[in-house]
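Below sits a lone chain in structure tokens, taken as the form predicted alone.
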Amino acid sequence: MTTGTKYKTAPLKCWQKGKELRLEAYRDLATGHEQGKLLVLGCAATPYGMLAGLGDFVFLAGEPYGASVAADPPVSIPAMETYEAKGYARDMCGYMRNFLGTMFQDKYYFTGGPFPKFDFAWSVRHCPAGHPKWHQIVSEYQGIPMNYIDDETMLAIDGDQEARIEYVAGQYLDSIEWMEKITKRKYDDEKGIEAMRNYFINEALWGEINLLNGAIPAPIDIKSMFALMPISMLRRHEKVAIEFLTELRDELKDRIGSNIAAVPNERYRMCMLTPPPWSFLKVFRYLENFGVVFVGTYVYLINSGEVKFLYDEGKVVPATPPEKRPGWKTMKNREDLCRTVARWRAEHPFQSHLDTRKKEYVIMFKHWKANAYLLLINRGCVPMTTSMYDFQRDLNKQGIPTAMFEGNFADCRDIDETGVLDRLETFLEGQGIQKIQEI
């Protein structure tokens, strides 16, 4: 922690380009069919670069779309009320409720026009609480086919890992045949492989970008990272994303070398485990008045990116794309592609066992040189919240301070903004951090 220092600050030079790339991805969905592209629905963890074997496509990950709607309460509240009026439960995934609400209203958030009609849904199962049911509702409402890969979570924990990888790879192969059948398109192995190579590179770049916030002062704040994250989340298969994320990474390195800060009065560093309450992002700007900088959140370190944890050394380093790792084959055909994707997901930090993940939380805390974790009891995602008190106790045993609040990442009706601010101010005062009085 630093005290009494005021750092230089400056806007990101690549900020406008990042905003344009983000909006381009969402707007492309509204005009994709006119351009002869396939429109595909899935979750953000889907290795959607594989779809490139079918030709040009636009992929909509439901979570970032739901987050965008959630960040705009005048749109979000009517959407969720429309969803609830259909008889669906309010305690389901918050992203799902915002997504389905705008679909039922036939209002696509980024254009205000008709909601896109997908060609099909294709995804890994990923989340047991929502994604399969979420996409099933879309499938039935729009009359589109859907296909799911049996989730490989915890694949590498015990038992015969090779057998499990072959099982999952077989599902990917079957899904390629399924996609050829429903689209009447022949799958081009080379295009699928090339897009997934881009995907892996972009994952590694986004992970490296997150790791750069281990510098003091932090070169980028979490709110800016949230705004740029859809590029890594939605466009991982594209070369344009590689170009932009490389530019962003290099700019952040320059900022570190020039001691340029995201928050000029940085003196207390916090990080998160989960997504934020999207309708309440102003909390991050407000806490800058206390000299607080939020340096990152674990979930988006590994959901939009990849890093390598060195558990024995207690360190984290940038990831290497699969084909450059010792013992990994070069992808030459769809069989190689499917097996590489299956193994890559099996060994990805996102599949970490609970005890391993607790180690990763501590490693990231130390890497980011953080002073505390902010924990969200998230009514919008039951699986995300189930073990949060266990995590809090474990972090506290490690000597890591934690602040906690209850709310919802995607439903503004479940957040007491004044109460949250009071709670966080009280926590900071207990840490000896007072609001900065400008002279």
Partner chain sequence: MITAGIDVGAKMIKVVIVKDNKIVARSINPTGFEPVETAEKTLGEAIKQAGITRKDVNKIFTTGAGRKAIPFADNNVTEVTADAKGTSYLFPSVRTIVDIGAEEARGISSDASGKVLDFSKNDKCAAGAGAFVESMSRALEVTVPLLIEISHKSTKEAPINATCAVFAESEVVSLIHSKIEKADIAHAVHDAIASRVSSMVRRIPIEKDVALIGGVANNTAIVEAMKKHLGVEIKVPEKPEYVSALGAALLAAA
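Residue numbers count along the first chain shown, from 1. Since the model is a prediction, treat every value here as computed from it, not as a measurement.
What comes next is about the form predicted in complex with the partner chain, which does not appear here.
For the marked spot (Tyr389, Arg413 and Arg423), a heavy atom within 4.5 Å of the partner chain in the predicted complex is present in each of the three residues. A residue is said to contact a partner when one of its heavy atoms sits within 4.5 Å of a partner heavy atom; Glu406 meets this definition for the partner chain in the predicted complex. Taking the partner from the other structure, the partner chain in the predicted complex has a heavy atom within 4.5 Å of a heavy atom of Arg379.
Contact between Glu24 and the partner chain in the predicted complex is not found at the 4.5 Å heavy atom cutoff. In the predicted complex, at least one heavy atom of Asn396 sits within 4.5 Å of a heavy atom of the partner chain. Only one of the listed residues (Trp328, Phe350, Trp178, Tyr286) places a non-hydrogen atom within 4.5 angstroms of the partner chain in the predicted complex, and that residue is Tyr286.
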